[in-house]
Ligand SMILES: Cc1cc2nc3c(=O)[nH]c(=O)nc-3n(C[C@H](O)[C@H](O)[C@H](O)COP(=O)(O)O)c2cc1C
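One chain follows as structure tokens, the form predicted alone.
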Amino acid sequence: MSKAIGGRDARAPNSTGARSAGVPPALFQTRITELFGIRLPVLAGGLQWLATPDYVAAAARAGICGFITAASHEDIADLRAAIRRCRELSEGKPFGVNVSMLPKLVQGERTQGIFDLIVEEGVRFVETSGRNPAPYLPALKAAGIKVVHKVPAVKYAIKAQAEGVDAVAVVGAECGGHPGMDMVGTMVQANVAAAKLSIPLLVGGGIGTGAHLVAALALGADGVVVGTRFLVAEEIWAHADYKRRLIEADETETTLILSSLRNTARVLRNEATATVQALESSGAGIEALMPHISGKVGREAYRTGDWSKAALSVGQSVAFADRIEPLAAIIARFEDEARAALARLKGLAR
């Protein structure tokens, strides 16, 4: 099954594709391109288990900034090794570390140790989420580290701005992972946030094409965060069967779970999520849910390609995941789509 994106058969090669003859001039200059030192105002948000050094370095080389997910590393020494490998592969271009501080479903708090390591290793950028990063900001700022805090609602972005983060990313209800409890869409979040914030703003959730980037900038954002659209990149180590399922999926094939825990997640609709929803409806607690939602179950699904047996974070922009190809090719297409959107707007202007 192929997807027709923007009226084209997704199997047809893109007219420009990934560029091999040099780097094209920057299409946009925003506060995000300036803050991160990147060519496009796009961040590849942290992906649990999947945002490896190879993937994050590919993002860096393609002119955007990605984040190694600290939570994917059970050992601090492993995270240190990942940071060092990413630095080697990134050719001097920027990358960061994602530190998720979501309510823990298992015992063990490593946040302080992770931030200590980030400072020690001279990482320049951090993406935080889950709870207020204020306790960690003084040490990060003293080390010259820039912090972008990701939130599911504008009210949390306002709080993060007051605490002194360098940028905020506001994700709408369309996003994979955790869209919060209010479930406000990205277009509304973007415009409201732009009116209420003074620091650089990114928006995420449903961002799957370059036209979405143009729309986000028009709404007042300085850039976008992308997750789901990049899941079919060759540098994502997950099994090809999982990626093929994403290519087959359309915008209706995600669902919401874990609202009963006040930790709502948007995930790929499958056997496991149907079980979780039934358990939640019956009043089941975390113990009954864990066999279906634990991170280790998800990691095994990525390894084997059996996407039906785990709760896997996927956003509605899966509709635009149309082929497996290098991340650089996806980003090149993203940029071409942005240019086409700008040309269309120019043609409509009077």
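Note that residue numbering begins at 1 and tracks the sequence as displayed. Quick caveat: nothing in here was measured; it's all calculated off a predicted structure.
What comes next is about the form predicted in complex with the named molecule, which does not appear here.
- The shortest heavy atom separation between G206 and the named molecule in the model of the complex is within 4.5 Å.
- Of the heavy atoms in P152, none are within 4.5 Å of the named molecule in the model of the complex.
- Residue contact with the named molecule in the model of the complex: L47 places a heavy atom within 4.5 Å of it.
- Shown alone here, S260 lies farther than 4.5 Å from the named molecule in the model of the complex, counting heavy atoms only.
- S100 is the sole member of S90, T264, S100, T275 with a non-hydrogen atom lying within 4.5 angstroms of the named molecule in the model of the complex.
- Checked against the named molecule in the model of the complex, the candidates V225, A167, A190, V232 yield a single residue with a heavy atom inside 4.5 Å, and that residue is V225.
- Note that among 198-206, 110-118, 78-86, 135-143, the stretch whose heavy atoms approach the named molecule to within 4.5 Å in the model of the complex is 198-206.
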